[in-house]
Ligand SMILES: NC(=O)c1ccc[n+]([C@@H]2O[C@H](COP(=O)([O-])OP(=O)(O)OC[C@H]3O[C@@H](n4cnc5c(N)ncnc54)[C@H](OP(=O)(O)O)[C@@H]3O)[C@@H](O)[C@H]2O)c1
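For reference, the chain that follows is the form predicted on its own, supplied as structure tokens.
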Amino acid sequence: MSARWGIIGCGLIAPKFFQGLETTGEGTVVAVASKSILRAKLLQKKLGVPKAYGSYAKMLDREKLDAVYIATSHNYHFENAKLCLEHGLPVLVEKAFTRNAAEAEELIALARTQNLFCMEAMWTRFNPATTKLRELIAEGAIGEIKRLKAEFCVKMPPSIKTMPWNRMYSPRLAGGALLDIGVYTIAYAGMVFGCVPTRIGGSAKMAWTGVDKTSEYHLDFGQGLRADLAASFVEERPRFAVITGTHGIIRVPYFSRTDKLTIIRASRAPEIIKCGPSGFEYEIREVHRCLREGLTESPSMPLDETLGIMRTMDTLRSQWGMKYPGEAG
């Protein structure tokens, strides 16, 4: 299969997808689209893509595509993905999937009604180290999983003058640490425990623009299972995950992009497991596999799980009184 992809959105993440697709050798980007034809042409030139459009609809109407990658800011994911599904096209939607669970639910219902493939682009789910971790958990390498601690905190200091226009600080663009990087930790917890939390609590330090710049999440999964998570774009902390089981611990350095795992068990030397490098190519290969096999959802990142993640983040934002412009309720 040589898949023909279109990209909607010409920001910083689009080239990463392009490079990942090139690495797979399984397809090409044949067109990019932005609301700004200038931005589309700049990306076209940078990547060497055949076509550039200043209209999403025109690209979808004129190009023969097998799938579309949604690379716009969070606030546009719903309408952009919906447009593609209404054109009969499979979509890979950048995380966070939508602004909220209501949008996610509508998008999922549409994809299922249309019988079209749809997946949240949780690229970390498909990296070799994550795949190996899931195998270790399934085979009981450290016994029954009891606790997870994971943090994704990185300092990205824009000047005060640029804050309102910076995507991370912008309520209009559905910014904040939670939807942009906290979502990784919440998805990780769901993967580790294999279910949605039964109790959700958290706290946030808010930027003056009204979005969370640092936030912490405490999720209970029943029967004593617990995840303590954190995300920030103004604080630098180790980006690690520690999974504690009844018979040992798995440490995951830089859990979002690591190439190794360490298993620690009592009375035994630590076991270091080397894995392959991380990258976007693994999630892209999963999309291609699903398309070849006629699957409308990935078993590794199903839509019900994505909806559960969105509901968890809605609950946290509700606790903080954090609402994006245009949201209902």
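As the structure is a computational prediction, the values presented were derived from the model and not from experiment. All residue numbers are counted from 1 along the displayed sequence.
There is another form of this protein, the form predicted in complex with the named molecule, and it is not shown here; the text below is about that form.
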Q) Can you pick the stretch from 111-119, 189-197, 71-79, 135-143 whose heavy atoms fall within 4.5 Å of the named molecule in the predicted bound form? A) 71-79
Q.
Would you classify residue 35 as touching the named molecule in the predicted bound form, given a 4.5 Å non-hydrogen atom cut-off?
A. yes
Q: Would you check, heavy atoms only and a 4.5 Å threshold, whether residue 307 touches the named molecule in the predicted bound form?
A: no
Q. Is residue 173 close to the named molecule in the predicted bound form, meaning a heavy atom pair under 4.5 Å apart or at it?
A. yes
**Q.** Interface membership of residue 285, the named molecule in the predicted bound form, 4.5 Å heavy atom rule
**A.** no
Q | Heavy atom of each of 151, 202 and 233 within 4.5 Å of the named molecule in the predicted bound form | A | no
**Q.** Option touching the named molecule, based on a heavy atom within 4.5 Å in the predicted bound form, out of 95, 251, 213, 87
**A.** 95
Q. Even though the chain is shown alone, can you say which residues of 5-41 have a heavy atom within 4.5 Å of the named molecule in the predicted bound form?
A. 9, 10, 11, 12, 13, 33, 34, 35, 36, 39
